[in-house]
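For reference, the chain that follows is the form predicted on its own, supplied as structure tokens.
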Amino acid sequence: MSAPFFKYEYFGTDVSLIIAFVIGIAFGFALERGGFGRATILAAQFYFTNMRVLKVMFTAIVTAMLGIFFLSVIGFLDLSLIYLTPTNVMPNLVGGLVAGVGFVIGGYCPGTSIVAVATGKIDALVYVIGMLFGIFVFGEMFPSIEHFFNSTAMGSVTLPQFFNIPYGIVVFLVVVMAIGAFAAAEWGERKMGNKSLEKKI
């Protein structure tokens, strides 16, 4: 048996959608139980008072990365069959900036806002309405920004391909980066915690 299972046609589109739905529900449940359905926790990372989001996300990235890497090393997973979103440098940078600003202002990302709506949070509902309005505006404006949307195209590229270095080296560097990020997050939380304590005194 080899993976990705869908690409090797072990099941069809209908079954894949059911599997995606179940995984989505489980992911949303995990986010809620992790406290990611509260805007205060999500926004706190930008003030270095609670870095839970960074720690959880980096842990998820490293876990998935190591799993994919070692499954490909033993020949179980064919990396060439995994879908990669094409890269358009400038549109991606602008989109990331807009999403980041929206994250700070609203306290949610698209995924966590849906989780919060499912648990009845009114602020998340307002966020989702704003998000849908933004999608509508983007659709209406698309003909006038289509040239920029398709600019600086690089195709589907990975870091090992871009830097022309072995996949294992990139995996190692990302793990080192994650350890550094965890240490910096712990330091930031202690620093901001001490400041809050000094203010109370």
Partner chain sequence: MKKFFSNLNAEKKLAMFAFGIGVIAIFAGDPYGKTSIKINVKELSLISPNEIGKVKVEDLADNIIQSKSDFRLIDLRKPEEFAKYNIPTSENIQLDQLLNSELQRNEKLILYSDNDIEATQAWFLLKTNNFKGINIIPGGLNNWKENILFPKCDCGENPSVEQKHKHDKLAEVSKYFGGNIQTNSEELIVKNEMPQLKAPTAITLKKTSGKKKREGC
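In this text the structure is predicted, and so the values were computed from the model without any measurement. Positions refer to the first chain, counted from 1.
The discussion below concerns the form predicted in complex with its partner chain, not included here.
A heavy atom within 4.5 Å of its partner chain in the model of the complex is found for one listed residue only; from Phe138, Phe69, Phe149, Phe48, this is Phe69. With the partner omitted here, the residue from Leu31, Ile41, Met57, Val175 that has a non-hydrogen atom within 4.5 angstroms of its partner chain in the model of the complex is Val175. For the chain shown alone, Ser80 is a contact residue for its partner chain in the model of the complex, at least one non-hydrogen atom being within 4.5 angstroms. Looking at Glu9, you'd find a heavy atom of it within 4.5 angstroms of its partner chain in the model of the complex. Among heavy atoms of Ile74, some come within 4.5 Å of its partner chain in the model of the complex. For the chain shown alone, Pro143 is not a contact residue for its partner chain in the model of the complex, no non-hydrogen atom being within 4.5 angstroms. Contacts with its partner chain in the model of the complex, taken as any heavy atom within 4.5 Å, map within 166-185 to Tyr167, Gly168, Ile169, Val171, Phe172, Val175, Val176, Ile179.
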